[in-house]
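A single chain comes next, written as structure tokens; it is the form predicted alone.
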């Protein structure tokens, strides 16, 4: 069935001379890798078309990949095909001019609670949006072109969104696509150096997380990162959000939460929820969020909501442990 969508999307792309690619705000490696990779594939395959990647923010974490394009006039949007990648809801689209596009395509791997777009290709079982872009290419490789740069972008998102293929893998094709991309000439050693080496401040920050993390009665590990702490360790918001990955390997702790203060006028705090075995997206949905079964995001407005979220996570984990065995 999914091959039907990759074919339909390609045919729709052929109809337009101007295409604008978009993704979600506060992007991660998957959002950037999938959109930059798709842009490169389309530029190589259709050099006569104007292929742009336009958003309102960017990610320092993967800034080594490539920058995006400058905004264009509304008149160009009105004659363009918009493609939104890795974005579950309209509210999270970084480029707020998406609704000016003549037609809109959604390509996403999150739970489809908020459908949108004239053509929507959503596969919740896919580990990353980049995996879907890889499928789009390999399903149509007789008509599309790719190079090592595009392959690197797509592979980057696959690696980062799965924690180096540790979680979220439900399809054997994830590894098949990764292998095919590597064969296109990816310099994995340089890529991993960009992704996984740390500055001295980052290592001190990790020590701060370990010192300040807490754990509930039933094993929910969590840590709160204030704006002051982010400033002290010279962190971007995305680097601060890595706190959730620092606490993921505690035995008996099957849910871990990172609360990262945004520093905006609304005084919101971004929550990253991760888990082993247990589903957590239903918790995130109760706090203005959602995502995958074991990797979700939410937003809270005060410490009271933070305590409510922690309490709900603790009760969820208690019930899971009560009715299941063989968890670690």
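Treat the numbers as computed from the prediction; the structure is a model and nothing was measured. Residue numbers count along the first chain shown, from 1.
The protein also exists as the form predicted in complex with a small molecule; that form is not presented, and the subsequent description refers to it.
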Contact stretch among 271 to 279, 65 to 73, 37 to 45, 52 to 60 - heavy atom within 4.5 Å of the small molecule in the predicted bound form: 271 to 279
Tell me, yes or no, whether residue 283 is in contact with the small molecule in the predicted bound form, where a contact means a heavy atom of each within 4.5 Å. no
Given that the partner is absent here, does residue 92 sit within 4.5 Å of the small molecule in the predicted bound form, heavy atoms only? yes
For residue 106, is any heavy atom within 4.5 Å of the small molecule in the predicted bound form, or not? no
Consider residue 297 of the chain shown here, and say whether it contacts the small molecule in the predicted bound form, taking contact as heavy atoms within 4.5 Å. yes
